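Heads up, the chain below is alone and in the form predicted on its own; it's given as structure tokens.
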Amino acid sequence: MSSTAIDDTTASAATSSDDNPTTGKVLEHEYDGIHEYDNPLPGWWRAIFYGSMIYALVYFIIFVKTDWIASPEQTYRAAALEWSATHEASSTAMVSASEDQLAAGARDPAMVERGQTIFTTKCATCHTPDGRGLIGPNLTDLFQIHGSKREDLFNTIRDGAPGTAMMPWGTQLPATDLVAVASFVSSLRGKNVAGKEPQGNPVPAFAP
């Protein structure tokens, strides 16, 4: 059989398939003897495609062009601000310790040990582990920069000292840890470990 006959047979078969629903309609153009069938995409695929376009348009109108519904970013920012306000209020302004509470903590070996552990981890960089001072003041002498009582030590630890390297630990530590650190620091007064020169005002030693 000649090549011409084969080509005619192939073309005839392709043409006869125009009415075959399983193969679709043969388009008029061809390339190098290759015919293209017009097989449309499945209905479910087109439904998803058109649905995605409609959803994108509705989303753009609602979240970008109008204020009908808060966007995910706006919702996150509002939640972050609410958490920040609640956290700061519970960690600083609402946390306090009395003079008697801190004095009792300074007499409690377990409380002092706990405070020393936290102090060594968080505060030794500026005050050294024994409190003789480095960047921060010497905590063992009879001088105090802010106030003169144990409560003043607690408040400085909780709120920090603006303009210095002393950060507000009230946003970093729970209330029980703040009390423990203040109890330990108050137990250092009067030990007079040789270190940084005195800073602040002279204060009396704390009563045992």
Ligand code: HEC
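Note that residue numbering follows the sequence shown and begins at 1. Being a predicted model, the structure only gives us computed values, none of them experimental.
There is another form of the same protein, the form predicted together with the ligand; it is not shown, and what comes next is about it.
Chemist: Between 71, 125, 117, 98, only one gets a heavy atom within 4.5 angstroms of the ligand in the predicted bound form; which residue is that?
Modeler: Checking each option against the ligand in the predicted bound form, the one that comes within 4.5 Å is 125.
Chemist: Residue 35 versus the ligand, in the predicted bound form: is there a non-hydrogen atom within 4.5 Å?
Modeler: Close contact is absent here: in the predicted bound form, residue 35 is far from the ligand, nothing within 4.5 Å, heavy atoms only.
Chemist: Consider residue 145 of the chain shown here, and say whether it contacts the ligand in the predicted bound form, taking contact as heavy atoms within 4.5 Å.
Modeler: Yes, contact at 4.5 Å.
Chemist: Heavy atoms within 4.5 Å of the ligand in the predicted bound form: does residue 64 have any?
Modeler: Although the ligand is absent here, residue 64 would stay clear of it in the predicted bound form, with no heavy atoms inside 4.5 Å.
Chemist: Using a 4.5 angstroms cut-off on non-hydrogen atoms, would residue 27 count as touching the ligand in the predicted bound form?
Modeler: No, residue 27 sits far enough from the ligand in the predicted bound form that none of its heavy atoms falls within 4.5 Å.
Chemist: Tell me the stretch among 27 to 35, 55 to 63, 41 to 49, 158 to 166 that has any heavy atom within 4.5 angstroms of the ligand in the predicted bound form.
Modeler: In short, 158 to 166.
Chemist: Of 167 to 182, which residues get within 4.5 Å of the ligand in the predicted bound form if you count heavy atoms?
Modeler: Heavy-atom contacts within 4.5 Å come from 169, 173, 181.
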